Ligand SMILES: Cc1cc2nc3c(=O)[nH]c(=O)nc-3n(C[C@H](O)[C@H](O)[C@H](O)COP(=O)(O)OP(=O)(O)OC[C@H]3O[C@@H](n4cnc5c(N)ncnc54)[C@H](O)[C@@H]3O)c2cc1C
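Below you'll find only one chain, the form predicted on its own, shown as structure tokens.
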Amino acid sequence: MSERHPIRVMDKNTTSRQRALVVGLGISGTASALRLHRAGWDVVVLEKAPERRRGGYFIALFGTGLAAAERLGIADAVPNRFAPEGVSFDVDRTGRRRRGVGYADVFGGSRMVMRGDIEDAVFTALPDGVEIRYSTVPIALDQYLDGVGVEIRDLTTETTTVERFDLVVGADGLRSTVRRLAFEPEQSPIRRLNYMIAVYSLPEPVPGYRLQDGLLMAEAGRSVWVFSFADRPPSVLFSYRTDDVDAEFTRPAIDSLRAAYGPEPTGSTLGWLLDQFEKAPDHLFDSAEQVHLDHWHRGRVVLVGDAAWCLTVYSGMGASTGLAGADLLGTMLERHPHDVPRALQDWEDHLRPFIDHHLGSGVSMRGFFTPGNRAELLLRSMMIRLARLPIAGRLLAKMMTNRARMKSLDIAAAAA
């Protein structure tokens, strides 16, 4: 423990209810807090940010996530922003457009939402009994047979407390502090795909297109997606290949994007999208990375969501697996109320094959989002053309339906 800052020792285990610490107030963390409270636990949530993050960008909620949302009682609060009258276009730099295949065409039955829609729904469902501490982080973990001692740092008051919990849930994202404190793997579990992503929301429709129209500009090693909604301006995803991820962060994001999509003239549509990114008040610019761990739990510490298995945007299953993982965690803790380690092992045993599938799918689906080379670009173009033909289109639809089944598996029900 540090001697540079005041430390206050606290022990709040004064009731018979078990006590859980959840780190992270995103989808996985908030859903875990909600589910654990319903399972009879006292829950404390730590969030590094000074307030709850809001907004977010396009995501799809698949059957796996919808089933968990139903049990969590939030499904009706998550809107479906899908625009059934919308048209998806393949476009190029010259302005040429033709009818294309959009996200909803490939993954029918999913609910098109903004990330903030799910976060708002879960947060609103949290009962008053869940304690949330902002500007607060764990800085040390000390495991015992019957609990975990956690050194907690308040970033506002610069004070440190030590508290004891029966369970610690790390839901603090790709670069998880809990994972670093509790697991300390010899090699980093983060695997780069050598692709960059940039995401932001538009203030208005793309010039020359309707609000509900989607766009895709796909080239070898780079693509731009415009995801449309029925009731709000679109979201944009830039995705491109790079041989040096670290170099992409050495300059402003817009400079990296302009370099990645050059040196050819951008044309009016791509140029406008790049200009809007530069003007956007908020954006995400990051590398596409997965997390591969041999174990997601150790003793009484467990990782959930991106902290455990980040699937990348290409999988499309981040929100769904975050909700499902939290839901199943509560189910297993209810099944083994007095044996936390066994509950965590059963939780991982049931979830691991499903997550492993989607880790692999996240890599293979990258080619759908961003063809890595000319061969992948040609293959994608051929599949889109075939999709427009009656017989071939039905065969491709059947193939995608089989793929979609793994996005609709009800994890907690399957474990019952």
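So that there is no doubt, residue numbering starts at 1 and follows the sequence shown. Computed from a predicted model, the values in this text were never measured in an experiment.
Keep in mind that the form predicted in complex with this ligand is missing from the display, and what follows is about it.
Q: Since the partner isn't included here, can you check whether this ligand sits close to all of 68, 325 and 360 in the predicted bound form (heavy atom within 4.5 Å for each)?
A: Checked in the predicted bound form: no contact with this ligand for any of the three.
Q: Given a 4.5 Å cut-off on heavy atoms, tell me which of 242 to 250, 201 to 209, 311 to 319, 85 to 93 is the interface stretch with this ligand in the predicted bound form.
A: The contacting stretch is 311 to 319.
Q: Any chance residue 44 has a heavy atom within 4.5 Å of this ligand in the predicted bound form?
A: Outside the cut-off, so no.
Q: Determine whether any heavy atom of residue 304 comes within 4.5 Å of a heavy atom of this ligand in the predicted bound form, and answer yes or no.
A: Output for residue 304 is yes: heavy atoms within 4.5 Å of this ligand.
Q: At 4.5 Å between heavy atoms, is residue 48 in contact with this ligand in the predicted bound form?
A: Yes, residue 48 is a contact residue.
Q: Closest heavy atom of residue 147 to this ligand in the predicted bound form, within 4.5 Å or not?
A: Judged by the heavy-atom cut-off of 4.5 Å, residue 147 is well away from this ligand in the predicted bound form.
Q: Here the chain is shown alone; which of 75, 332, 130, 197 has a heavy atom within 4.5 Å of this ligand in the predicted bound form?
A: The option sitting close enough to the partner is 197.
Q: Going through 235 to 270 from first to last, which residues have a non-hydrogen atom within 4.5 Å of this ligand in the predicted bound form?
A: The stretch touches the partner through 237 alone.
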